[in-house]
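We begin with a single chain expressed as structure tokens, specifically the form predicted on its own.
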Amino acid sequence: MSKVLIIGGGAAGMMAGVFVARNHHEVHILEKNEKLGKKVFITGKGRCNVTNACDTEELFPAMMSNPKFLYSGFYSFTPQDVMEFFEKAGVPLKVERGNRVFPQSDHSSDIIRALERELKKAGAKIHLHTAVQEIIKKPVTEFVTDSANTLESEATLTESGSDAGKGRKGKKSPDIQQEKITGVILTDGTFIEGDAVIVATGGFSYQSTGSTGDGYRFARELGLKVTDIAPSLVPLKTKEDYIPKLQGLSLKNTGLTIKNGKKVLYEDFGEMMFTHFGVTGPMILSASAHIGAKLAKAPNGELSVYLDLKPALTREQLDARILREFEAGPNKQFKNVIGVLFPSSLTPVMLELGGIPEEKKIHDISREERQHFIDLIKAFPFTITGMGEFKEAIITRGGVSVKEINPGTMESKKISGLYFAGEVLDLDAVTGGYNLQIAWSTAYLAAQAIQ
């Protein structure tokens, strides 16, 4: 039986704790907050989009970083396995649009409570208000030679390492674990001995929940590479002064096209909302994951966006619809006719951009003016000028480099007994339950790998 220390009591940490404890190891979850699952509590607007009920192979196109790395994880602990886990843990689930899975209660707290119950049932020990300052390692005394792939004993593996980690030909063996974990030091100076450590500290988004980048610091201090981090799944900032006028307006079933000049960078269909500084909502958040790096390289740091406000209608069908409204009130003013086509808060902006004087009589509107107005409906324009910040980001892009990690076990290739799970890794996806699936799957792999 091993003594396993799990740093972080979020999604990945809790799930790892359950399976490690079920495998009869001594488990200690070290959580610096006053309770477990603070970020889980706010995911999915407090409803917790647990996973996506798609087939496993359909997960990979939703990954934005290193999808091949997740092959073992996703096939070892699939979305269906996740759903079965929570159903057995007493949380009835439901599947909504886009295969998004939520608890039937729409309460993320049910997911957290289920994980807490399973942790306690399996015998895991939970330590709240317990922050880790440092992960401790020591050299190992055995390593694999390059030439024969056999174990050689060394008296010690010195820090200078003049011959350490070298095979008979004097070359350092790649991916050979030359050090092992011995425990952690807490911020109060207490040393806790452990045979293995799982780092499940989350990313750098929603820092009020405790995701303050501790895992990246641990990795760097241990000599592991950490890729550049950036906020992802964030609202987008816009330039036009008419966007704030639409603040609070939500649009469903809307088409989205983002361009850099004439080149289409991203297209989607779904739900979005206008804010005082730009746009947000599921469709926009997913778009941010695709265009983050491209925005920085765009001319003037700007990208053009076009919304199809009536995607269910072709131009011809939309024209016929407008003509019917015109024919019903030929002597009415334009502003009094088009209101039936849009939400009330959108109508003034459409009048402002439409090029037709709002008091103009319907019978005086030309075909060219009508076609121009249709252009506006099918391609409502605005300009993206920036991305939201970490405090607004749902997840973090970047993290502990997956090149440092064994994809079949989540263990460090260099340090025995050191595992990583969840958002701390350089793994991220679009919205729809995929990022939590990353957390569950990587946590499961780490848990099952511990001997």
Ligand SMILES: Cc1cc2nc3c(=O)[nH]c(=O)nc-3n(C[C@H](O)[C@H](O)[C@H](O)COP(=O)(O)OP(=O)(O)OC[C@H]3O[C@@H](n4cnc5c(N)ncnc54)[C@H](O)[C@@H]3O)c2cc1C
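Since the model is a prediction, treat every value here as computed from it, not as a measurement. One rule holds for the numbers: they count along the sequence shown, beginning at 1.
One more form of this protein, predicted together with the ligand, exists but is not displayed; see below.
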Practice problem: Report the stretch among 416-424, 398-406, 64-72, 381-389 that approaches the ligand in the predicted bound form to within 4.5 Å, counting heavy atoms only. | Solution: 416-424
Quiz item: Is Leu318 a contact residue for the ligand in the predicted bound form, using a 4.5 Å heavy atom cut-off?
Solution: no
Practice problem: Using a 4.5 Å heavy atom cut-off, state whether Leu59 contacts the ligand in the predicted bound form. | Solution: no
Self-check item: 4.5 Å heavy atom contact, Glu31 and the ligand in the predicted bound form
Solution: yes
Quiz item: Is Gly210 close to the ligand in the predicted bound form, meaning a heavy atom pair under 4.5 Å apart or at it?
Solution: yes
Quiz item: Among Glu369, Asp195, Asp214, Glu358, which has at least one heavy atom within 4.5 Å of the ligand in the predicted bound form?
Solution: Asp214
Quiz item: Which residues within 384-398 place at least one heavy atom within 4.5 Å of the ligand in the predicted bound form?
Solution: Ala393, Ile394, Ile395
